[in-house]
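Only one chain is given next, in structure tokens, and it is the form predicted on its own.
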């Protein structure tokens, strides 16, 4: 009796599958598990984990390195080397921990000599750290020559609340009725900003601060006020004072001003601004 071809093929396939299944099961299995998520508010985080998380925030979302340096003098903001200890000497009667927390939530409460009050409140846009992120950042700053003893309860419960509320309302980002492309033209032309500032791929002058990431570290209100009253908003450390013209509010039209601000608000460092192609004559 001849066995049908389809039965032969099926039997052969089952045999092959059986061999592969036996071989696969004979290989020692390695259990794969997802890494445990670090819960900053769960109560199980160690000081070492907290400091590591804070370092990541300092270098990432907090955008602190744009202005601050550790171990070298910065141009925008003070050197933070040893801040865990030196913070105790800033304000009489205030501990290092209390000063660091205050400096993040209310930077203008105390200004280091030689530096203007340009730092925004880090729990508000554009940075917008939440309470846990503030906790970790304080721990990281304390770790530099200090003792890491900050607790979550040391961070005000209201910290970051504005960010959460605005995020829920989708209103954290200011929308202006300006044209960023037209504002870039103003930046390079009538506003003459390019003579002193760099903005992504545009410009290279070291006379004024690099603006390539200005929208990541400053509020729209600061940017708008700086254009109209540059001296009133303070001079960046390391740069000559009174170099920025105080007359832009008079020389620019209202549209040019709004367009320029709209352009500056696109400068977040992710994509460098590009010079527009030359127009055909």
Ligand code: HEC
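Everything quoted here is computed from the prediction, not taken from an experiment. Positions refer to the first chain, counted from 1.
Omitted from view is the form predicted together with the named molecule, to which the following refers.
Q: Is there a heavy atom of residue 226 no more than 4.5 Å from a heavy atom of the named molecule in the model of the complex?
A: The answer is yes: residue 226 has a heavy atom within 4.5 Å of the named molecule.
Q: Is there any non-hydrogen atom of residue 217 lying within 4.5 Å of the named molecule in the model of the complex?
A: Residue-level check for residue 217: yes, a contact with the named molecule.
Q: Does the named molecule get within 4.5 angstroms of any non-hydrogen atom of residue 198 in the model of the complex?
A: Outside the cut-off, so no.
Q: Is there a non-hydrogen atom of residue 145 within 4.5 angstroms of a non-hydrogen atom of the named molecule in the model of the complex?
A: Answer no; every heavy atom of residue 145 is more than 4.5 Å from the named molecule in the model of the complex.
Q: Tell me, which of 77, 152, 182, 94 has a heavy atom within 4.5 angstroms of the named molecule in the model of the complex?
A: Looking at 77, 152, 182, 94 one by one, just 77 meets the 4.5 Å heavy-atom criterion.
Q: Going through 47 to 68, which residues have a heavy atom within 4.5 Å of the named molecule in the model of the complex? Please give them in sequence order.
A: Contacting residues: 58, 62, 63, 64, 67, 68.
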